[in-house]
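Before any questions on how it binds or moves, here is one chain, the form predicted alone, in structure tokens.
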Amino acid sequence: MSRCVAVLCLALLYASPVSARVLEITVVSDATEARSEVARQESSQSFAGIAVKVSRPVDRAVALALHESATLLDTLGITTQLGTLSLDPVTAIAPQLNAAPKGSLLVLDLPLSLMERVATEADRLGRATVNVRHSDAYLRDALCLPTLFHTIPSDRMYFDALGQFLVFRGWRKILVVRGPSDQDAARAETLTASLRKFGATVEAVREFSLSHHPDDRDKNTPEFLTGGLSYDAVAVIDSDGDYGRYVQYSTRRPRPVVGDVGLKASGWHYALERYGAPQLNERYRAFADYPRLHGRAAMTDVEFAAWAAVKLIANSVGTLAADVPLDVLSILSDPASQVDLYKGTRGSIRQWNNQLRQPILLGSADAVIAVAPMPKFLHPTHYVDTLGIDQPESTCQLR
């Protein structure tokens, strides 16, 4: 009898505090955006007249990360709860956020302007949020919220990777061709800063027009825009993806095209063939249950960012003592928290601006050509910190 009581007491001692812990994830979306997507998909019929099945990419990636982590979390006595929160952008944000569990990680699958509002309000409430959609530099510098984390790379990380690759290959004279939008102008400035950072020179920045006026037709051709000077490569900034697709194979000089077309920088790629990446892509394809996926499909950068955020937390909870509450904000803020990103090095959070440090892939449509940081680009503390705004440069100094 006494032996049975002792065994029962031990079971309660070790099981009770752990089993009470719950990892809660809430994917936050825009109700207006969601309704538009549903309407679009409902109007899209297959040849048999059956509506195409819709699954939001971020939801899918978060669910995959929890599925992959199930065994580990179960061993630790941690249960998971995945929820969704659809926000109405025209009403007050705080009461809507309070509908999500208080300790939940809020994964922000939102348009940029709404994401800023939500992240600011969540910071006031002390809620942990993750930006998985937007690479804009000012979110990391000017906004600079202690509870907002970024698992998608910044524009500066993407362009630093591209700049390193060009300099590594000896292509130092760059012609930049950009679109007319404010977003294109800002991204072209970021690219220019990255190129100069690593020793490349910008020979010229030329702007294409989306005008269909006959007088603009000739001077808007790729051959005209890329003529009249010497360069080693053409970097195209075209956020809308309309004009840039015609630049490749149409330049005045036979030169490589990089940027938004040709060789692109990305957080993830279906053709990465090292570091266990093929196995992750296979798990994604098997898990997705999405009719439009095919043999070459992989996670987008947004999906990979959502997956990485959840995996970072799931992989780090094992370092917590059994009697320590599971606090996602503390885990994300801990410099010791790491995650295997299947890109050759573990990812961790930069303490000064809450950006997930990670290698960047440089690839064509069907192959990964290089993984940045490139060889010989050194950093005094962490070699991946050659990509993006380094701590001494950053106007955001959180920790």
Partner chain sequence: MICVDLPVCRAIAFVVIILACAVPSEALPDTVVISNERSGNLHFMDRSGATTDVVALCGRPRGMAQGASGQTLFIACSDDHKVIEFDVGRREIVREIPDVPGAMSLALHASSGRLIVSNEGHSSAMVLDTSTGGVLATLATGLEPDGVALSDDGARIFIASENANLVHVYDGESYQPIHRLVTGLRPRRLALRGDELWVSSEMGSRVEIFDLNTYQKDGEVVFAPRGFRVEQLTPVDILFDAQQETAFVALGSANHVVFVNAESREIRKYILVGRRPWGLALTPDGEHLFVLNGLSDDVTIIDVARERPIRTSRTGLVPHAVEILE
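Computed from a prediction, not measured in an experiment: that's the story for all the values here. Residue numbers count along the first chain shown, from 1.
Omitted here: the form predicted in complex with the partner chain. The next part is about that form.
For the chain shown alone, R283 is a contact residue for the partner chain in the predicted complex, at least one non-hydrogen atom being within 4.5 angstroms.
Using a 4.5 angstroms threshold between heavy atoms, R56 stays clear of the partner chain in the predicted complex. At the 4.5 Å threshold, heavy atoms of R274 reach the partner chain in the predicted complex.
Heavy atoms of E68 reach within 4.5 Å of the partner chain in the predicted complex, making it an interface residue. Heavy atoms within 4.5 Å of the partner chain in the predicted complex are found in exactly one of 262 to 270, 150 to 158, 182 to 190, 307 to 315, that being 307 to 315. Think of it this way: in the predicted complex, the partner chain has a heavy atom of just one of S113, N98, S230, T75 within 4.5 Å, and the residue is T75. Applying a 4.5 Å heavy atom cutoff to the partner chain in the predicted complex picks out Q338, V339, D340, Y342, G344, T345, R346, R357 from 330 to 362, in order along the sequence.
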